[in-house]
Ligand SMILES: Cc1cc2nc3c(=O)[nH]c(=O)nc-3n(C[C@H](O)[C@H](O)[C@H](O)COP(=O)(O)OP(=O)(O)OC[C@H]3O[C@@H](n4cnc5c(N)ncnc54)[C@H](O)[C@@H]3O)c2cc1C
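Single chain ahead, by itself, as structure tokens, in the form predicted alone.
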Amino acid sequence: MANFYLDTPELKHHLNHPLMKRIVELKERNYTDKDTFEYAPIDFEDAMDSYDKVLEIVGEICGDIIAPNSEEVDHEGPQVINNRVKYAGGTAANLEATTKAGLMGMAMPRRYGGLNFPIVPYIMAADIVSRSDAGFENLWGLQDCAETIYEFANEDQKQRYITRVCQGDTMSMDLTEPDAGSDLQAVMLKATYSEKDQCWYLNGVKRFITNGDADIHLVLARSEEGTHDGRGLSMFIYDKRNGGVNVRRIENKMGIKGSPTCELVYKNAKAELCGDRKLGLIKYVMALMNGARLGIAAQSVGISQAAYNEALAYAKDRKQFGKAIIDFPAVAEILSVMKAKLDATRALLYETARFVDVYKALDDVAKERKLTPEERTEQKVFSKLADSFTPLAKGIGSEFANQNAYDCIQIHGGSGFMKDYACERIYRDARITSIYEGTTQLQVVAAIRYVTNGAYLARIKEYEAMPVAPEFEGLQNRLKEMAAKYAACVTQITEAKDQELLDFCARRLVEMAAYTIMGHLMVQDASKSDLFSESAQVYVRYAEAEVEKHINFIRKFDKDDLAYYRK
């Protein structure tokens, strides 16, 4: 029996980070739930043991059910029958298994039927599920949408909808339209309030909707007549049981084929306003997207893990010229870089998840009582860290997932091009991660202000001040040199006071910051566990080369050179 949690010891390392003590303390509110719920923890050790045991169940289901179903699901895919989605047989079995195991609504409070898990163990489950089948993660992981209902809906809506998610109902977020992809301000799905019926009705079309025939939908729609920008958009909850929405078709995608990506037609679909009018895009979708981007970062790490595992197993098994191909330096080098990228992006993922955990828990506490001055400061610090790190985790994580999937096929050689091996599916599944929930280019747009305002450099300085094991002091010093060069490049570009030049160099500046941050995280991990010693050495060397490449480009770049790149 396979267990995708127990066979990856790196996961337990990240689960047991020292900051978890504070996270659990905030999440459990002095462990008062133990008086009401039998399964609630009585102290920190009990809570951590609970996370560990549930993740072990996730790992078992992924190893024994979801992963074995993945190839069949990829070939069968979902269908549209009478305007409804029918999942592939394996997908239905996966949903049944995760629901029976109580893995829906993991992060929701116990009073709604959830497990009250922090973000870190929930994201860890998403990491494991994505390794087993990235397409299924898109269905299971959309329980994330319940977080938006929890944060912004009224108590009656929370009671009615979150409880259903915890019992196994699926969710979707219906944002994009044929003429509104990344530009969500252009959304035109119409929301009209009926005084007679005392409810809202939705009319229009949504496109590229993941799990579009879900039980419960969060819908971005135009509630303010005559508006054409984000200020006229509100968020709505649509219940499939009320009817009014049909699936016109399922997109014929390159990858993640088990996940139905739908075009939906709304025709007088009854819906409820979620939160306040006019804040749908400005506030609620921004919160929803940040959670979704962290989810895609987890999906990317899971895909990277799957790609590395497949490549390693094949390289050990495949013989050429009388020996296993892993013994050839060219192949060994590819594998070592794959593992370094995997470990580095996983370190960034869980660092980000911890930041999100602290500030969200404090946000939640603030609904019950006034925060102390120290807590308000803590909330502000971790909120900024979460906002700055999320685009890095999603952007770099998805790019590295694509690179690892590419290298996995390369190690397989001609066999990797055939559908007989899982790497072909992994390669197709990986491609979407750098596109949906905000392309890599949009992650750069989100991240560049943290380059120019010095937030990344300030965090790097904090990492530089952290102690490391003596054997890694040399790597830490090299990272300090990288940071100094990065800072010089930032100064060069910002002092030019040319927005077009900054926009053009933004990707390189963001990547330099990310590579340096990830290098520090790897050195920190390696100082605490031998699991990361080799990856730290390989990753810092890789990062040095990448940073040097960007530095050479920027140093020699003149704003007059922009003319060559304009089309």
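Predicted, not measured: the structure shown is a model, and the values here were computed from it. A residue's number is simply how far along the shown sequence it sits, counting from 1.
There is also a form predicted together with the ligand; it is not shown, and the following applies to it.
Asks: Which one of Asn290, Thr494, Thr439, Thr99 is close to the ligand in the model of the complex, taking close to mean a heavy atom within 4.5 Å?
Replies: Among Asn290, Thr494, Thr439, Thr99, a heavy atom within 4.5 Å of the ligand in the model of the complex occurs only for Thr439.
Asks: Just to be sure I understand the contacts: of Lys253, Arg428, Arg160, Arg318, which is the one whose heavy atoms reach within 4.5 angstroms of the ligand in the model of the complex?
Replies: Filtering the options by heavy-atom distance leaves Lys253.
Asks: Counting only non-hydrogen atoms, choose the one of 209 to 217, 483 to 491, 369 to 377, 263 to 271 that falls within 4.5 Å of the ligand in the model of the complex.
Replies: Contact criterion met by 209 to 217 only.
Asks: Even though the ligand is not shown here, does Asp174 get within 4.5 Å of it in the model of the complex, heavy atoms only?
Replies: Heavy-atom contact with the ligand at 4.5 Å: present for Asp174.
Asks: Though only this chain appears here, would Ile435 touch the ligand in the model of the complex if you measure heavy atom gaps against 4.5 Å?
Replies: Ile435: contacts the ligand in the model of the complex.
Asks: Should Val445 be counted as a contact of the ligand in the model of the complex, where contact means heavy atoms within 4.5 Å?
Replies: Because a heavy atom of Val445 falls inside 4.5 Å of the ligand in the model of the complex, the answer is yes.
Asks: Quick check on Thr452: any heavy atom within 4.5 Å of the ligand in the model of the complex?
Replies: No.
Asks: Is any part of 364 to 380 within 4.5 angstroms of the ligand in the model of the complex by a non-hydrogen atom, and which residues would that be?
Replies: Nothing in the stretch sits within 4.5 Å of the partner.
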